[in-house]
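Below, in structure tokens: the form predicted alone, a single chain.
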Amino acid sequence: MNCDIVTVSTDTKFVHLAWQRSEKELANVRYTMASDPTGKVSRMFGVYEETAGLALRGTFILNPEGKLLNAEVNYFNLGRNIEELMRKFKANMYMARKPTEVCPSKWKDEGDATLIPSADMVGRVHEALKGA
């Protein structure tokens, strides 16, 4: 998909290795699993919970220039949805190519209905999507 994926947690690299060796869901992971035991990176992204000494579950999409395009932060006990993450990633790539368009919440892939914002569309998104 022409992107870099990096996960970062406050766990040490040894904990990451133990998880990858024992957790079957991580068996095929080929992306970088970075360690942030001091919380420096987690603080930079605003997800470090000082009282717990842990990072909340943050997901961030940045463009090649380092501009934040999307951020989602979940509490410690709520997992993330890869399908929704991929939808947001693809939508951001699409909008980078077509900056005058908007991908609505139900947009999933190239060819799905998009919108072109205007004053006339305010309060009429539903109708605009039905006509697309």
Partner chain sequence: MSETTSSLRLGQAVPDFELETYEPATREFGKFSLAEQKRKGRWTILFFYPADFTFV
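If you're wondering where the values come from, they're calculated on a predicted model, not measured in any experiment. Only the largest set of C-alpha atoms that superpose within 1.5 Å between the two forms is called the rigid core. Residue numbers count along the first chain shown, from 1.
One more form of this protein should be noted, the form predicted together with the partner chain, which is absent from this view; the next part is about it.
**Q** Looking in the model of the complex, any heavy atom of residue 104 within 4.5 Å of the partner chain?
**A** Residue 104 lies outside the contact set for the partner chain.
**Q** So in the model of the complex, does residue 127 come within 4.5 Å of the partner chain, heavy atom to heavy atom?
**A** Close contact is absent here: in the model of the complex, residue 127 is far from the partner chain, nothing within 4.5 Å, heavy atoms only.
**Q** Using heavy atoms and a 4.5 Å limit, would one call residue 50 a contact residue for the partner chain in the model of the complex?
**A** Yes, residue 50 is a contact residue.
**Q** Would residue 22 count as a contact of the partner chain in the model of the complex, using a 4.5 angstroms cut-off between non-hydrogen atoms?
**A** Within the cut-off, so yes.
**Q** Just give me the residues of 54-71, first to last, that have a heavy atom within 4.5 Å of the partner chain in the model of the complex.
**A** Contacts from 54-71: 54, 55, 56, 57, 58, 59, 60, 61, 62, 63, 64, 65, 66, 67, 68, 69, 70, 71.
**Q** Superposed on the rigid core, does the Cα of residue 13 end up 2 angstroms or more away between this form and the one not shown?
**A** Shift of 2 Å or more: yes.
**Q** Comparing between this form and the one not shown on the rigid core: C-alpha of residue 110 shifted by 2 Å or more?
**A** For residue 110, whose C-alpha is compared between this form and the one not shown after core superposition, the shift is less than 2 Å.
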